[in-house]
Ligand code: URA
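First, one chain by itself: the form predicted alone, in structure tokens.
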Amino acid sequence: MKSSVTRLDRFISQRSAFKQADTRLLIAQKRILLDGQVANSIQQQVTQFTHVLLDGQCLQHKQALYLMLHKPKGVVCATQDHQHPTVLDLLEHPHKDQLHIVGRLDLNTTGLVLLTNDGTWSRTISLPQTGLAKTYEVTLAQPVTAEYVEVFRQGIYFAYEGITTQPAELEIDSAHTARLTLTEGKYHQVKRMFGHFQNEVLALHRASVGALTLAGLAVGHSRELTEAELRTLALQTGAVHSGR
């Protein structure tokens, strides 16, 4: 989902009876407010979440939304599906139709899913260059050995894409369970990494994304991210959220 940015004079011409050339006079007369502040330039940027008033009339007021969901097994990360319930079906939010999914999980993978209507934020969160850590709890068919830890740290070659995965941190919890922390999200990456050892993933759960965890959030439930959580993510990734 792309987050649109428009110059103020173009926005005014698109959303009112005034022409683009009229905007300078409107600004001089202090008739335009952007997020409660008097506009000062025709080149000011208007995003999809900028609150715009002209002569007291609201031309745009759309709230930026940032949510987390504790995804159950058997729910698909999609906005529509004819066979399975979707993550949007689980939400009880009045504007859930505006949301898109940030970092999808497979049908039978459980855990933390982010949703937003802010395209710029979601793209930044998803970029491998940000190095945002995502931790998964993995249950495996065969025992996990210390050899896995070193191989995952070095990276595993994926022949189909012709790439080697970024260094990953593997912590062995028990003979058949481990915690894997990645900073990227290749197609079926966790299953393919363990597949390097011919070890089948029986269960997969995303426990955290950056500093975000599912603490206190029941399976199938969702909530909006707090301002503190958004600030922390911004520090970790450089992702700028558009405010409330």
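Start at 1 with the first residue shown and count on from there. Predicted, not measured: the structure shown is a model, and the values here were computed from it.
One more form of this protein, predicted together with the named molecule, exists but is not displayed; see below.
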Exercise. In terms of non-hydrogen atoms within 4.5 angstroms, which of the given stretches 156-164, 119-127, 99-107, 143-151 touches the named molecule in the model of the complex?
Worked result: 99-107
Exercise. Does at least one non-hydrogen atom of residue 188 fall within 4.5 angstroms of the named molecule in the model of the complex?
Worked result: yes
For this session: Answer with yes or no whether residue 178 is in contact with the named molecule in the model of the complex, where contact means some heavy atom within 4.5 Å.
Result: no
Exercise. Given that the partner is absent here, does residue 34 sit within 4.5 Å of the named molecule in the model of the complex, heavy atoms only?
Worked result: no
Problem set entry | Contact flag, residue 204 vs the named molecule in the model of the complex, heavy atom cut 4.5 Å | yes
Exercise. Does any residue in 119-147 get within 4.5 Å of the named molecule in the model of the complex, counting heavy atoms only, and if so which ones?
Worked result: 136
